[in-house]
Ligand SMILES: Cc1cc2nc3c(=O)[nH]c(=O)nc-3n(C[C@H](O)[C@H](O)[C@H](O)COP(=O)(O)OP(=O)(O)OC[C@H]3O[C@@H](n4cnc5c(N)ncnc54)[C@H](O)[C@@H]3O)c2cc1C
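What follows is a single chain, given as structure tokens, in the form predicted on its own.
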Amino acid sequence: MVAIKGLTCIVIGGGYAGINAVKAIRKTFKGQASKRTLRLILIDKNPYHFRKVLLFKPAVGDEDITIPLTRLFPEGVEFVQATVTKIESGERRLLCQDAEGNKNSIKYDFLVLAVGSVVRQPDPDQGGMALASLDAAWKIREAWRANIKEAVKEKSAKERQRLMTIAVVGAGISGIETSAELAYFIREDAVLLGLDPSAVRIKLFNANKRLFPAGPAKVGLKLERSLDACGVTTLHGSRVLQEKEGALTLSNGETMSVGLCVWTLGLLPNPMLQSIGLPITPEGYVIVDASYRVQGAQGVYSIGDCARIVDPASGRVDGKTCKEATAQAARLGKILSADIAGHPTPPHKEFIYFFCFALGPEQGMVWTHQWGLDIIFTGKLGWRIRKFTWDSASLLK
């Protein structure tokens, strides 16, 4: 009797796409799709899953937005804490380096690249603080708390108002959620310190003409009204050039006094993709086919923010939020199963048009377009749906 060789599958990246890929692959190999044993390895530079979409939480409070990978997968998955430096697809081998600088190589049969994206940051001379990492979030919280404590002692009304004013630059989902959360928690702290909470000014700078340009104008207007009710003023068509010593300079030449400037400028492809040895687009995303196979790299797949994924039916490029990553991961499990069995693979299919926004604690808004109708949920129901999307993407029940 000939022994059937086991398979080694490596998933690179412990973000939303990576952990959901691990879940889908384990499910595939528990089923009838393969009678072969599986060695499943998850590689990440950190020992935890980082809930990047919740980065605004540590900017206002003590919420921990990391989850140990061993908690998500207590058994059946090997963890390697390292940075991948090269994928040698011809040899089906990757090279990696741990935090101590030790280099290693690992062979694989299948590899899933899910290294995500990085937060876009302003140039250093533009000043302010970018909400780009846990450390940055903590520093933002320290800064605004120091400002309102200073405001308590400040005799000048003008300077006190400056200390209680925050500019949030960038009005995507992250900017909207960050500004709403800041407005709520700074007002709470202002009350505790004996300050007038209505003096807290959160100004959201939007380079576009309205909020939420990906959806209908009425949803953008509804979002703006909800933010206004939270204490956030939205400034449309406003580009911030620089923050220096409490003065904000706008592209129209105007200046404005602020106590803090927080940049939320969206995402960029992970820079490691430039040197890892796989084909990328001019913008820096991994090139894949309709079944997530990396062009010219046998046995290598890529999903999530790091890949440019196109629906072959509509020609539309998939979004880069955790809901798309979760759906791609689930489909990837079926694709691997089909590839192992030599069957046709299911092609990518775009996720339903669906967007969620948190608007402060237990408040949210959800919009989707189904059956020719715009469907909107607001308030606590909107918040519960928003929280469900966060938790399910991080494999939390």
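One-based numbering along the sequence shown. All of these numbers come straight from a predicted model, not from anything done at the bench.
What follows is about the form predicted together with the ligand, which we do not show.
With the partner omitted here, the residue from 235, 136, 280, 173 that has a non-hydrogen atom within 4.5 angstroms of the ligand in the model of the complex is 173.
When you look in the model of the complex, the only residue of 249, 121, 147, 117 with a non-hydrogen atom within 4.5 Å of the ligand is 117. Only one listed stretch (43-51, 366-374, 22-30, 337-345) carries heavy atoms within 4.5 Å of the ligand in the model of the complex, and that stretch is 43-51.
Although the partner is absent from this view, residue 267 contacts the ligand in the model of the complex, with a non-hydrogen atom inside 4.5 angstroms. The closest non-hydrogen atom of residue 83 lies within 4.5 Å of the ligand in the model of the complex.
Residue 177 belongs to the set of residues with a heavy atom inside 4.5 Å of the ligand in the model of the complex.
Heavy atoms of residue 67 never reach within 4.5 Å of the ligand in the model of the complex, leaving it off the interface. Looking at 8-28, the residues that come within 4.5 Å of the ligand in the model of the complex, counting any heavy atom, are 12, 13, 14, 15, 16, 17, 18.
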